[in-house]
Ligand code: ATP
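One chain is shown next in structure tokens, namely the form predicted alone.
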Amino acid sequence: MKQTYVVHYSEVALKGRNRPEFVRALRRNLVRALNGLGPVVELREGRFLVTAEGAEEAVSERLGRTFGVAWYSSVTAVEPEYAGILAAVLDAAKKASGKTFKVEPRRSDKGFGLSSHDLAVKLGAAVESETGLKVDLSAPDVSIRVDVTKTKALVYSNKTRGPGGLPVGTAGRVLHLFSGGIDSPVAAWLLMKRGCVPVYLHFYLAPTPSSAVESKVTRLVRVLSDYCGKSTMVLAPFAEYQIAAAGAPMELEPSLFRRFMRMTAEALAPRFGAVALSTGDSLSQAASQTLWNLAVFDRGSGLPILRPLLSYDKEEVIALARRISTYEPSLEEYKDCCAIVTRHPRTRVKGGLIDEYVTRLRFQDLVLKTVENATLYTYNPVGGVAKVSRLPNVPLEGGPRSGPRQIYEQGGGGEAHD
């Protein structure tokens, strides 16, 4: 059975002359999110009308994972005539639970015969007479909303908050360091909320990438794919670095390894059109994440480094991880590179000392060798298709362009109309 939904955006509306690009991206993302449910997505006077098949719970779940959506509701769409509006409002009132109500009309079509106030008074009187419900304008049990547009009148009583933010793909790509712990998946989700497409970089400990492919790392990527569509992860071997850095002082291990990870991410970024790097760092949450050590990590970088969790405390991160369904997978046992790096690092590593070891250990050559032996993992939630392949030597998916004009589009199976 087909059902119609109204979908509103908020922040997208503030984009001025760039708004059409953001609206088009959101429309395409709605089609992708509803793949398999026969979606038809139409833009009507500053809102989307979405028609989809399937249970309301299934549609609601997918709309609730689409960044850029401020709120949404199932609606009854009728012709913009009073008789049809009245019938739809009475039906909504009879289905409502509670004893009090109010009617909230919004008339974007100024040619409609009644003003918003007159429509509210007339409809309210009819509902009170027909149902016995009492009017309460301050704290009603149910609010019946009526949006009158030039082509349709939309009647609905339940609004569900969406995730907000910006449509994924409108802010470009970011090379994201991904450990599989609690923090990095949450940081990736926050990047998506600001319109970024994360390309994940994970360093695996075992001799082959198969252990990482079969671990919680890819399960976390699949969870995050529900929010952004097709996902890409580079699996980089840790062994070459481990051998090269074996003689370095133990207290420098975290800072050295983090510098190596950053340099590897920076080398990979052009292949995916990424214009920034990102991490799950939270200021002073760990000894390696003090302000001084973060400065050493950033030292010499040619790309901006984003830290969505910088001011979050651990409880806030955990709460968000639970909300987005990454917390439980993050707790699964998995031995990654961080597990064997010393837990007693210096809190104020000197940048010059790390630079000295970077040169001595020939990190530039080590990065090239690591990239050469990297593996590419991709997952598309449309069909649940996962692929593992060698990392190509050429830029992927159109090269280094990114930004609002490069809209990240995956999937299909629906229609989008202006």
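Quick caveat, the model's predicted, so the values are computed rather than measured. In this text, residue numbers run from 1 along the sequence as written.
One more form of this protein should be noted, the form predicted together with adenosine-5'-triphosphate (ATP), which is absent from this view; the next part is about it.
Peer 1: T76, T232, Q289, S73: which sits within 4.5 Å of adenosine-5'-triphosphate (ATP) in the model of the complex by any heavy atom?
Peer 2: That would be Q289.
Peer 1: Counting non-hydrogen atoms within 4.5 angstroms of adenosine-5'-triphosphate (ATP) in the model of the complex, say which of V197, L154, M261, V296 makes the cut.
Peer 2: Only one listed residue qualifies here, and that residue is M261.
Peer 1: So if I measure heavy atom distances to adenosine-5'-triphosphate (ATP) in the model of the complex, which of the stretches 90-98, 276-284, 207-215, 162-170 falls within 4.5 Å?
Peer 2: It is 276-284 that comes within 4.5 Å of the partner.
Peer 1: May I ask whether G64, T66 and K193 each come within 4.5 Å of adenosine-5'-triphosphate (ATP) in the model of the complex, counting any non-hydrogen atom?
Peer 2: Result no, not one residue of the spot touches adenosine-5'-triphosphate (ATP).
Peer 1: Given that adenosine-5'-triphosphate (ATP) is not shown alongside this chain, does V142 nevertheless sit within 4.5 Å of it in the model of the complex, heavy atom to heavy atom?
Peer 2: Because no heavy atom of V142 falls inside 4.5 Å of adenosine-5'-triphosphate (ATP) in the model of the complex, the answer is no.
Peer 1: Would V146 count as a contact of adenosine-5'-triphosphate (ATP) in the model of the complex, using a 4.5 angstroms cut-off between non-hydrogen atoms?
Peer 2: V146: no, not in contact with adenosine-5'-triphosphate (ATP) in the model of the complex.
Peer 1: Check whether R106 has any heavy atom within 4.5 Å of a heavy atom of adenosine-5'-triphosphate (ATP) in the model of the complex, and answer yes or no.
Peer 2: Taking the distances in the model of the complex, the answer for R106 is no, it never comes within 4.5 Å of adenosine-5'-triphosphate (ATP).
Peer 1: Wondering, does S179 line up within 4.5 Å of adenosine-5'-triphosphate (ATP) in the model of the complex on heavy atoms?
Peer 2: Yes.
Peer 1: Using a 4.5 Å cut-off on heavy atoms, which residues of 193-217 contact adenosine-5'-triphosphate (ATP) in the model of the complex?
Peer 2: L201, H202, F203, in sequence order.
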